[in-house]
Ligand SMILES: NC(=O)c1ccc[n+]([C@@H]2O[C@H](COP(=O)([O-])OP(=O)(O)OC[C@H]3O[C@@H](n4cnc5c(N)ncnc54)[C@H](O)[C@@H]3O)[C@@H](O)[C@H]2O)c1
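In the form predicted on its own, a lone chain appears below as structure tokens.
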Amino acid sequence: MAETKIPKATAKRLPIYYRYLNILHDSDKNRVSSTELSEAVKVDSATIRRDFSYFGALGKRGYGYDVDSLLKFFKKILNQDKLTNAALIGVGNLGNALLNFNFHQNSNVRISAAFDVRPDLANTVQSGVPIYPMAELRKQLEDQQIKIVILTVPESVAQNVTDDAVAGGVQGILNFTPLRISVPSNVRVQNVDLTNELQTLIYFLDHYNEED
């Protein structure tokens, strides 16, 4: 199937749809309407229909969407039929939480290696994941062919660590640091700034009411 170019906003909603379709499948529901999806995922039905329209005729007028067919389709689109290994760089408080959670329980992503500068962590196994010294970052990424890393290091070293990861062949970075790291054009970065998200939430609570 040819690659489908879709808006970034739509791409961000696809995992939400996929997650709810799994719930429907597990409850033995055969079909679902855009209105039912809308109520469940809190996205208006017109947006859902527009999102789905980028991929062709996924549903039938008067019938809705076949849950199993739609689930299989999004599983392929989101590469859920193969396991993706990721590396965690920085095993501090947040890093430990991510290790304990690990992603293989809920998706096709699994943290398979982690890195930290502390000697007491090097060459140990935490939550089933081997911890390597930071000096081995580039070599291990290359040897294990890991293309995605999760960055939870201090801001002061984030760019240097990013440079090493890119040199090791990384193509995608989930960046939990406040620093907006610089990467080559062929590397994609997804920034997750928890402080900014919380401040945005507080702003909306302070300045918008339910009538807005």
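Note that this is a predicted model, so its numbers are computed, not measured. One-based numbering along the sequence shown.
Form predicted together with the named molecule: not shown, discussed below.
- Within 4.5 Å of the named molecule in the predicted bound form, a heavy atom is found for every one of N93, F101 and R118.
- You can rule out all but one of 41-49, 28-36, 66-74, 177-185: in the predicted bound form, only 177-185 has residues with a heavy atom within 4.5 Å of the named molecule.
- Among heavy atoms of V125, none comes within 4.5 Å of the named molecule in the predicted bound form.
- Using a 4.5 Å cutoff between non-hydrogen atoms, V153 counts as a contact of the named molecule in the predicted bound form.
- For V161, a non-hydrogen atom is located within 4.5 Å of the named molecule in the predicted bound form, even though that partner is not displayed.
- At a distance threshold of 4.5 angstroms between non-hydrogen atoms, M134 is in contact with the named molecule in the predicted bound form.
- Checked against the named molecule in the predicted bound form, the residues I23, L194, A9, L201 give one hit for a heavy atom within 4.5 Å, which is L194.
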